[in-house]
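Alright, two takes on the same chain below, each alone as structure tokens: structure 1 and structure 2.
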Structure 1
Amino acid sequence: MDNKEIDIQAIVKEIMAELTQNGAIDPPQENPSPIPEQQQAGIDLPDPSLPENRKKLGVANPYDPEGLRNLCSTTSARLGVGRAGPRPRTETLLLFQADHAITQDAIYGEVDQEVLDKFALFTVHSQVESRVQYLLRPDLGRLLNEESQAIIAERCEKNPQVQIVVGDGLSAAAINNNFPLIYPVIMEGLKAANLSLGTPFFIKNARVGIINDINEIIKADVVVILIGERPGLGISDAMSAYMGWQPAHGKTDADRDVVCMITMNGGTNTLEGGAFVVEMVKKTLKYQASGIALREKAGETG
């Protein structure tokens, strides 16, 4: 403690002693009695994350209550939450903070090894070295590191019609919650269509564009990546299925198709999502195109 801090403390003590001597304040108690329980401050609110409370209207005396309820029922956006003066209501703020915490868990979480083991998926890595770098350098998430390139070259079937890969993306929860449900649907559908399938695997710290780098090695006709979407304040476990015809370096989102918002929590359920993926793969193989090119070819042929 330096001399400046000591001097300030001495001055404070001197002032407090003078105020006590003059009767301006009561002398400090050596053993203050505890505050009675009934006088202690506290917050007693219902759990704002429960379904009945998430959709609870916070606007006091709305002009059209029924209209406001109908509007709020059409979206997961935060409508009709009300306010306390210029500030959000306590329930609204607590729900926002709870949802934000869930999104952080999704972004920084890990895909359960049990999920990968259940479907015999081995793991490879992008060029990202940490989760912080993953968020700052999307370009590195689109490329495999050298070790992973060698592993894929050694362990994967070459030249299949369809290659399935899994990436954590921006939500590990999306893979943990949805992949075990959607993967069997996709595999059964592709097998029923008599399509040759590659060796599936998992990519840590993956971005969608990594399918270009993967297919430089595997040379599949169609590559599908099941990947976690960016979590939102309300749904944090949504998964997307991106796919492209013969992905290669230089191809972009314009060359891909996607089935998005696959989740059991208010999006496309995994059964329907899996069926959509299978149909999109079959369509891609039929026209030998994806993305904008697929729209053009499918439109030309009716």
Structure 2
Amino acid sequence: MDNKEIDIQAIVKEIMAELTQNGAIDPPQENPSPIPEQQQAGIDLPDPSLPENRKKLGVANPYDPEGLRNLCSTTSARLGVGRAGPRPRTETLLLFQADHAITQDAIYGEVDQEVLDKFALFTVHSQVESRVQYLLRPDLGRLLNEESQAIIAERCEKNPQVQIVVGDGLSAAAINNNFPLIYPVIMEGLKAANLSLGTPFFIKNARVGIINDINEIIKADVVVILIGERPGLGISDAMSAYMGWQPAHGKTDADRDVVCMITMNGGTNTLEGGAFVVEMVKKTLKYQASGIALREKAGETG
């Protein structure tokens, strides 16, 4: 038995060598496809978080395998995962935990200084002093600290038509991954429309409402904040663009418009997202209104 196998392997080797010499095929890799013996050499796994690897059926002997696949394709819910006794199977459990892990890294992560430097953004701070306080006190995330007010007053252009700011919000990854892609799109669109632009900057530990406080100093017609959203399971880098007509203290979400779920991982991509932001800014300037007021005005005039 053993001898026969060795013979076959030898023959295969010979044929392979011939084919390789002829240039018919590429020479064989040092480490071919993983088989149990290769475990000694290490473990090298595909990424279980890739979309194509998420939809693997885990049910041992489904009544209708094709039907089960069809059911699973109707929803992004985690179906067809099977079970180990009453518990999830190992890969299902670990993927779920990985999806949660990436949200935690996003929430407690920091926006890369290189990203800010690349676009010459300086940094100011809300009144929040730590990440824990950020989670506990949304009200403090809506206000600038004193030092930051002074910095903005000193360094920023006043009374522009459009002021762009960036906030970390609940996901640093959202800014790290999307801001470098969306910012050029927005800037190009706004410049092409001949709009006067304010001095952009970054606010650490920011909530959306901080645009009110910012605009008490800058007095822009429109303020746009690009901010990290609360990470969802599996999508931890969604960014949103909130904007409002002449934000000021007392303005709320009802006075704002939003382009949400901007991400390259299954949301609105940055190119489209950037275009939406530019369109929304133009519309806001045209009607001199945002939020519910904008919908009413735009509706009235068609």
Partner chain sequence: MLLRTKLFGKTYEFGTIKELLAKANEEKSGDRQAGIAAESAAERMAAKHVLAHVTLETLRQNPAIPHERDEVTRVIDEGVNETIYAEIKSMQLGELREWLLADTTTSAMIRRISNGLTAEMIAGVAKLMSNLDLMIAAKKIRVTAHCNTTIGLPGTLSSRNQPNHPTDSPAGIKASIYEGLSFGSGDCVIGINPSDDSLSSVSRLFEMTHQVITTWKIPTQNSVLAHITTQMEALKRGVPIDLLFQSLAGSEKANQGFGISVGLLDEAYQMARKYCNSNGPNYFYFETGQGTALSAGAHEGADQLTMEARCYGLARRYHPFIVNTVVGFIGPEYLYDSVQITRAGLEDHFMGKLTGIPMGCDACYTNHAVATQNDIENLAVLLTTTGCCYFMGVPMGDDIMLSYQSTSYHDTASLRQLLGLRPIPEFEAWMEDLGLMKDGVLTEKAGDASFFLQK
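Under this definition, the rigid core comprises the largest set of C-alpha atoms superposing within 1.5 Å between the forms. Predicted model only: the values in this text are computed from it and were never measured. Here, residue number means position along structure 1's sequence, counting from 1.
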property: Selected structure - the one that is the form predicted alone; result: 1
property: Whole-degree rotation of one rigid part against the other between the two structures; result: 15
property: Rigid-core-superposed Cα shift at Val81 between the two structures, Å; result: 2.9
